[in-house]
Ligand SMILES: NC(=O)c1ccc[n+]([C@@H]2O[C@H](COP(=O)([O-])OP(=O)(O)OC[C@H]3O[C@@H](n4cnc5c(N)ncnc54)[C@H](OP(=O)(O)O)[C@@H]3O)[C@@H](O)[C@H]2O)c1
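Next up: a single chain in structure tokens, the form predicted alone.
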Amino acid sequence: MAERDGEVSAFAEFVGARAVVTGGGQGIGAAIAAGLADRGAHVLVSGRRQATLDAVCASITAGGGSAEGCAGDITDPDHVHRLMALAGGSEGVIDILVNNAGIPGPTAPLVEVTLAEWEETIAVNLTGVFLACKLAVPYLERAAHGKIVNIGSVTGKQPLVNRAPYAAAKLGVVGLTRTLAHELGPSGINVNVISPWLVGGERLDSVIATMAKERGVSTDELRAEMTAGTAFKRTVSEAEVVEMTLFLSSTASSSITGQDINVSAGAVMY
């Protein structure tokens, strides 16, 4: 462990670690991949489009990090098998799994949501997490300190009108996380979920635009309404979600498991 200003850096352990980040082609996922690589991890970045992954990995390697992309659908078991095998390498070890892949799903009253829309949202946002966890476990069990960090959402814990499929999937991730924490505890694997809220970026802009149109209000009005419910009266940055992910991926969190941690500027405190 490296020392800095007389203190041991909890993140020094990432040097030589092997990490998987799903949904890493853009937004929070790309930022998490870069954060892990900046601290020495070799990162396998998963996403649907190879060209996007190539760009993310090129940016990481240009900054001195190590990353490679593996394109595919997180709901496809064959793709997830390939991803974990590639990440495990010759030693068959994965140290960190970050499940970030997700889609917004439809913005509509439940009675207008089609079965296909419901099933797609659940498949990507919940079944994808299940598959990644299931197929990564044998590799994580070989690690000295295996870590699983699932990216959920505050939407799973408080109502967000016209977003029922997304809310149901994200609350499902909390239940999966808590149960898996007990199952994997004897193997020394930590399993936690981060619930962000109003993370600034293109995705939030798109969601707010769609919801504002449905309600017949301006995007500025809706954004002000949503941030008014936070303690800090602001949105959350990608960097803040990344820092919590790095903490939960480090040995500093060795006694923390089964937790649902809000990164929400105080919008939710439970």
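Everything numeric in this text was worked out from a predicted model, so none of it was measured. Numbering starts at 1 and follows the sequence shown.
Quick note: we don't show the form predicted together with this ligand, though the next part is all about it.
Highlighted residues Pro106, Pro165 and Ala169: none comes within 4.5 Å of this ligand in the model of the complex, counting any heavy atom. Taking Leu131, Met84, Val191, Ala101 one by one, only a single residue has any non-hydrogen atom within 4.5 Å of this ligand in the model of the complex, and it is Ala101. Of the residues given (Ile122, Leu198, Leu160, Val137), Leu198 alone sits with a heavy atom within 4.5 Å of this ligand in the model of the complex. Contact check for Ala67: every heavy atom lies farther than 4.5 Å from this ligand in the model of the complex. Though the partner is left out of this view, Gly40 does not reach within 4.5 Å of this ligand in the model of the complex, counting heavy atoms only.
At least one heavy atom of Ser153 is located within 4.5 Å of this ligand in the model of the complex. Contact check for Lys233: every heavy atom lies farther than 4.5 Å from this ligand in the model of the complex. Of the candidate stretches 179 to 187, 108 to 116, 71 to 79, 88 to 96, only 71 to 79 contains residues with a heavy atom within 4.5 Å of this ligand in the model of the complex. Within 4.5 angstroms of this ligand in the model of the complex, the stretch 32 to 62 places a non-hydrogen atom from each of Gly47, Arg48, Arg49, Thr52, taken in sequence order.
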